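We begin with a single chain expressed as structure tokens, specifically the form predicted on its own.
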Amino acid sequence: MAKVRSLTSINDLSKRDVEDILGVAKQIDEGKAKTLKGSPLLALFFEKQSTRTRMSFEAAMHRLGGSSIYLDATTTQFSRGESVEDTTRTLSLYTDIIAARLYSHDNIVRMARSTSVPVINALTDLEHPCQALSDIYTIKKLKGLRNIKVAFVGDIAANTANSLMLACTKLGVKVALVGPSAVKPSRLYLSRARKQGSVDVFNDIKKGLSGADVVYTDVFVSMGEEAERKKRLQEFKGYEVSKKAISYARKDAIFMHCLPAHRGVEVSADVIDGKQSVVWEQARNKMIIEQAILAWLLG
């Protein structure tokens, strides 16, 4: 089987690849998008529930002149023990491209190895590359990428933080990971990011947010971690992005959150609904960047 280009990780992309995808996204954003030839079909294979990722991918493919089929993985033979490889080969027979939202990152890697069509990581336990690309596109639109510092507050060991620091450092954006001492960033992802650029880790939220142009947070309790909710909320006590916390950043700093958000937990209502918040622009750009990724992979 000939090797097919897929997007399982930000590490799959060179700096030039990221710049190319951002360039395609800009054209799409400016209304210069072209429909894809042959009305391609996208398979959305999801183990995890979703609002924005599912809707944005379906809208993105529709706007490119293609169509999509949604498969809840829990109602397929995959949930009854069919192998990742057999499931992927079957999907490859019927569709032109696959976007999978899975629990295990190992499974998205296995899908990419056994496919005859491109595979896109729509989220795993280790990475969220499409989100990171839409985030970097949002930052580029609103702040530019030169001399920019992004501070990620909260669960600095999460998939969102992993992909975001890889994407940022690939393009020369400085990163500050700000979280409790009990939560350590992934050694592997931190090492990879530091080989590309600057990443600092802080336990002190005031020091971590100092000089930040972008303040970013995500949920403290991810899907699959509900049983640990009480323990995790205790660990992250003091790391809510409040008005006081965001005041430590630059006066013109923007606030980002990939959603869904829990007001009063990882972010206060007056921040996410305030003037510095760009979360709805960020959510809109998810569709734009996914159009760009689909167009880039399908040529």
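Sequential numbering from 1, following the sequence displayed. Remember, predicted model here, so these are calculated numbers, not experimental data.
The same protein also exists as the form predicted together with phosphoric acid mono(formamide)ester; that form is not shown, yet it is the one meant from here on.
Select from the listed residues C258, I254, L44, A245 the one whose heavy atoms reach within 4.5 Å of phosphoric acid mono(formamide)ester in the predicted bound form. It is C258 that has a heavy atom within 4.5 Å of the partner.
Contact residue in the predicted bound form, chosen from N121, Q131, N162, T88 - any heavy atom within 4.5 Å of phosphoric acid mono(formamide)ester: Spelling it out, the residue with a heavy atom inside the cut-off is Q131.
Given phosphoric acid mono(formamide)ester in the predicted bound form, answer whether the residues S50, T53 and R101 all have a heavy atom inside 4.5 Å of it. All three within 4.5 Å in the predicted bound form.
Stretch from 258 to 266, 61 to 69, 31 to 39, 233 to 241 whose residues place a heavy atom within 4.5 Å of phosphoric acid mono(formamide)ester in the predicted bound form: Within 4.5 Å of the partner lies stretch 258 to 266.
Just to make sure I understand: among 277 to 291, which residues lie within 4.5 Å of phosphoric acid mono(formamide)ester in the predicted bound form, judging by heavy atoms? Read in sequence order, the lone residue that approaches phosphoric acid mono(formamide)ester (within 4.5 Å, in the predicted bound form) is K286.
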